[in-house]
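Single chain ahead, written as structure tokens, the form predicted alone.
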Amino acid sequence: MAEDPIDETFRMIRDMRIRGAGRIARAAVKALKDYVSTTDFSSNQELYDKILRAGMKLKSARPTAVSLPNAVNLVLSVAKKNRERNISVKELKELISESCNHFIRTSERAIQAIANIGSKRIVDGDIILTHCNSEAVTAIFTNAKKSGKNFEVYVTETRPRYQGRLTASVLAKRGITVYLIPDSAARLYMHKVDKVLVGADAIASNGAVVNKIGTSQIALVAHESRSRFYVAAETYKLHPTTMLGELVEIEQRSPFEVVPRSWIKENPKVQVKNPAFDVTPPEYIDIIITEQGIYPPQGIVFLMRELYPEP
């Protein structure tokens, strides 16, 4: 018997078998589409009730990556808006399916737009540092390389899950000169770096960026060294509830990602903390590159009000 697409996708997102905020969002939306298309419902109200529960479960898989709830909520809003209309269950399924397809297409187009916009900020001879694994960042580097620009990229390992190794491998295969370094070596090499380019898991209304743990320290070092600090992110990573003063929840992951179980057993009095993300303040960020264009951190609130008028 095939596994329920909601349960399967929930586990894959929670266990980080699906990584990257954009990929997480698209996977969740696809799971909702598959769930609706393969499930029988007696009424539109039953469909709405069940997809709402499915959406809530998916959203709980990674609490910090706001692309996940933003994407799921878009689909749920279609179900909510149409549940009481005099249409058949089949028609409601089709509307939900099309909303899922629309989000996936929009997300993929956003990455390409960011690649086109962001690659213009890379010039011949640049030395760039990146942290973690960002689909948008990788697309920018790839587009810049295809346009004939020569540059080098320093990639941090990004402990404890080592997502930087994936970034380094992908960029090297695309013909880009790459150096993989420990996270703690960022300051040592920053004097060589012209600019830092990272992705984001969430962006607050004040322009602060939530990204993989270690990003804020790199931003601080870049600020000290007068290296530019760029962020690349799709607009569905904007966190609209921060306009109302809500804080972004920082996900705490298993201590076993940091040290093995045997070490914890041998050292039971040591409490191991494993925050997955940190917050980079806007004063350390030069620009945020989106599919809508380039914004200073201070301009994000205006973009957010335009896209999310009622958070």
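Remember, predicted model here, so these are calculated numbers, not experimental data. All residue numbers refer to positions in the sequence shown, first residue = 1.
One more form of this protein, predicted in complex with another copy of the chain, exists but is not displayed; see below.
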Just checking whether S97 would be counted as a contact of another copy of the chain in the model of the complex - the rule being heavy atoms within 4.5 angstroms. no
Contact label in the model of the complex: Y295 to another copy of the chain, heavy atom within 4.5 Å: yes
Does any heavy atom of M12 come within 4.5 Å of a heavy atom of another copy of the chain in the model of the complex? no
With the cut-off set at 4.5 Å between non-hydrogen atoms, does E46 touch another copy of the chain in the model of the complex? no
In the model of the complex, do H191, L220 and Y284 all reach within 4.5 Å of another copy of the chain through at least one heavy atom apiece? yes
One residue of N150, S225, T106, Q112 in contact with another copy of the chain, assessed in the model of the complex (non-hydrogen atom, 4.5 angstroms): S225
Location of another copy of the chain contact in the model of the complex, chosen stretch of 49 to 57, 242 to 250, 66 to 74, 27 to 35 [non-hydrogen atom, 4.5 Å]: 242 to 250
Under the 4.5 Å heavy atom criterion, name the residues of 178 to 196 that approach another copy of the chain in the model of the complex, in sequence order. V178, Y179, L180, I181, P182, D183, S184, A185, A186, R187, L188, Y189, H191, V193, D194
